[in-house]
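Here you get one chain, nothing else, as structure tokens; it is the form predicted on its own.
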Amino acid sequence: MSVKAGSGKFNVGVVGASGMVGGELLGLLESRRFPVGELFPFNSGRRAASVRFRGRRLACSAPSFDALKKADIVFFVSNEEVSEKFAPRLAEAGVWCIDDSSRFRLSPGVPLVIPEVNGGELKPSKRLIAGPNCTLTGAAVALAGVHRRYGISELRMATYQAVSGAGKAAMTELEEELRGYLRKGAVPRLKGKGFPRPIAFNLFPQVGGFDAEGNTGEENKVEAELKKILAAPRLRISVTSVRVPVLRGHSLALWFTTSKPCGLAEIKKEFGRTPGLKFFSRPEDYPTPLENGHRTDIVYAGRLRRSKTSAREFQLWVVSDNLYKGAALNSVQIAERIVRI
């Protein structure tokens, strides 16, 4: 590493620093007092941009291999093309690369990491690390302990995904539709919109395009990535992804079947000792995205109950902040573990 011997500081690069997730990441590096020596912010270079970090205004520049190589750790919160162009070469050169895009999540030999779930995958020999899809993070954190102790053979999931998962423009789209409704009493049809249907006062079961079997890209990602993170290639997973008119915070309805017999008391006990999870045992104390999905560091779960269709099937409601634990915070937590290796 280029870190000065004995300084305890790490030079950090952020590709996509001026974007929505990049802004959240910079705020977390500052608030969590990550030992940043020098910060190198990058954007696409197509327009002038700057970021604020520790009271200073720093200009963003277009990424290049030589500029990125000055960092000890590089966060990629941009797109798949940029990650593919730079991350493998940087990792070979000894730079830790934490990629939030989908480019390397399913690549053999690239750890797909949620620190509370499989942080042991972080090793100096594998310096390119992928962060997961923000949708599945809550399910992985909540169910990892149950899976290790009792085994989960089947998981069914309905996701209720906030518009921020589609980026800042999607949040603006929802806000514009709401303003239009308040002015004219009807949701306007916006030109050049990103969503397939109006989102204000609406929801639709489509996140991504459809494949030949009628599954969306998001549903396929959740299935494949959960299997990798939980090291459970035979786990049967079925997903329906729904976009909802919520600005921030993804919610999940889960039905999971255990391989070994267990009761509600055992499941509750496991939730009580699961790192990164806050479990509400009383049914009426369920979490919501408005109350528990905004700048929160942990995953929230509630409404645990036994399913009426199978003695080994349980139902659970989960809420997490898709921009924090689903993206920026998870990346920072990975870096916090790296500096202790």
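Note that the structure is a prediction, hence the values are computed from the model and not measured. A residue's number is simply how far along the shown sequence it sits, counting from 1.
Below, we turn to the form predicted together with a small molecule, even though it does not appear here.
J.: Which pick from Gly180, Gly217, Gly167, Gly119 sits with a heavy atom within 4.5 Å of the small molecule in the predicted bound form?
T.: The residue in contact is Gly167.
J.: Just give me the single entry in Val332, Val319, Val12, Val21 that has a non-hydrogen atom within 4.5 angstroms of the small molecule in the predicted bound form.
T.: Checked against the cut-off, the match is Val21.
J.: Counting only non-hydrogen atoms and a 4.5 angstroms cut-off, does Pro289 reach the small molecule in the predicted bound form?
T.: Pro289: no contact with the small molecule in the predicted bound form.
J.: Does any heavy atom of Gly302 come within 4.5 Å of a heavy atom of the small molecule in the predicted bound form?
T.: No, no contact at 4.5 Å.
J.: Consider Val77 of the chain shown here, and say whether it contacts the small molecule in the predicted bound form, taking contact as heavy atoms within 4.5 Å.
T.: Yes - in the predicted bound form, heavy atoms of Val77 and the small molecule come within 4.5 Å of each other.
J.: With a 4.5 Å heavy atom cut-off, would you call Ser44 a contact of the small molecule in the predicted bound form?
T.: Yes, Ser44 is a contact residue.
J.: For the three residues Leu26, Pro35 and Asp72, verify that every one has a non-hydrogen atom within 4.5 Å of the small molecule in the predicted bound form; reply yes or no.
T.: Judged in the predicted bound form, none of Leu26, Pro35 and Asp72 sits within 4.5 Å of the small molecule.
J.: Tell me which stretch of 46-54, 275-283, 303-311, 27-35 has a heavy atom within 4.5 angstroms of the small molecule in the predicted bound form.
T.: Among the listed stretches, the partner-contacting one is 46-54.
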